[in-house]
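First, one chain by itself in structure tokens, the form predicted on its own.
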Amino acid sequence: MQNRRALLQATVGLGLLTAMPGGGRAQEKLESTVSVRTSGGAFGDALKRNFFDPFTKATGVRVVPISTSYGEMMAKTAAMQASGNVEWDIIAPQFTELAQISGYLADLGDCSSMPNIARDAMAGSCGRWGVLYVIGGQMLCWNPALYKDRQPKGWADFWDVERFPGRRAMANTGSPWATLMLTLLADGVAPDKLFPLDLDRAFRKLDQIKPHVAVWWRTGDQSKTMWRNSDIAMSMMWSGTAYEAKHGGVPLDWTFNQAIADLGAWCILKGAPHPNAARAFINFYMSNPESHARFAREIGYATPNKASSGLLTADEKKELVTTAEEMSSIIKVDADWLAANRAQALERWTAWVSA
């Protein structure tokens, strides 16, 4: 058993090679643990079953999940870097935000130290500061029992409380870009004209819906349980959370029309205490298409593993955000605008939502 584990560890760590004097290469030793930030709940459970536990079985490296909201993750990341005391290894920001937070992250270059990415992942999965690991959308969801004669078709209907009465829910996760974007879509701005975001216009429009918002959810798990605990009619939700809720018995429908991209990345923090185990985990994650297909069925997020799509049925693919039709219409954040305006927009959002 010990020899088998050593062999598996060497196999998983094939990409963890560093240059040695004279041009040689040496195998880096994996640390005994690695911490990975997740959003917790069913999503975190699915990661544990399909990736964390198999990685531990293959390598002996124990995965320590860190469950936090997005805003808490970003605040903690900044605080650790400022203090020089980095306690976490892997965080999971939006793929579109990597350039803006690159000062906190290890430079992965072309990801050649993790060869499974080139072999098993779709093109573009290596983002230098992080690796794409889930693909979804932030989309309009509703309770179908409340709208039997008509269905909402876009964000303008979210604001139309006369035709579509009922209490609303919106996200307050510390990353308000999707909310600002969908607000402008509701006000008639075309998807290709969203950027630069007109913040004055967005907050005027938000003022109209604020009295009807009963829940400002902070985590994916809260956005799921609120349907059972409150008489919510509509909400923006992450596609994977909505999928899990619906398959768990919550009456829920949704549309991918005007969905905002939800592209999660694995990133290794600069100064992470277990950098070798972190790279080994990300490399391991990108292989094993059967695990990726199971994860997609369980949680409703697609992944960049190229082979996993062939293991899903046509009906299963319809509920994911990776069909050609959905991918062509999903709306992405302008990373350059975000880099220049992130702090200002976040400060204004925080003041508005707290007022």
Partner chain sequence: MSAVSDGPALDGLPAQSTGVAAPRPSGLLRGQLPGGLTVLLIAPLLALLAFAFFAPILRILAASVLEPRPGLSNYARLLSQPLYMDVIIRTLWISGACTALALLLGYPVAVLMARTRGGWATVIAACVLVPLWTSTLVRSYAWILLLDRNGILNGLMSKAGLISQPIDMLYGNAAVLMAMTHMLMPFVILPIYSALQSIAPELGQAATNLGAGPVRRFWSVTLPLSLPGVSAGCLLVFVMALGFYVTPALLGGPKTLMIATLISQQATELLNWPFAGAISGVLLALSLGIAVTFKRWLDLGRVVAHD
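Numbering follows the first chain given and starts at 1. Keep in mind it's a predicted model, so treat the numbers as computed, not measured.
What comes next is about the form predicted together with its partner chain, which does not appear here.
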query: Candidate from Phe256, Phe164, Phe284, Tyr104 lying within 4.5 Å of its partner chain in the model of the complex - any heavy atom; finding: Tyr104
query: Residue among Ala145, Ala79, Ala190, Ala123 with a heavy atom within 4.5 Å of its partner chain in the model of the complex; finding: Ala79
query: Stretch in contact in the model of the complex with its partner chain, which is absent here, among 269-277, 130-138, 223-231, 115-123 (heavy atoms within 4.5 Å); finding: 223-231
query: Its partner chain contact at Phe203 in the model of the complex, heavy atom, 4.5 Å; finding: no
query: Contact label in the model of the complex: Ala335 to its partner chain, heavy atom within 4.5 Å; finding: no
query: Residue contact check: Ser175 to its partner chain in the model of the complex, 4.5 Å heavy atom; finding: yes
query: 4.5 Å heavy atom contact, Leu346 to its partner chain in the model of the complex; finding: yes
query: Residues from 339-355 in contact with its partner chain (non-hydrogen atom within 4.5 Å) in the model of the complex; finding: Arg342, Ala343, Leu346, Glu347, Thr350, Ala351, Val353, Ser354, Ala355
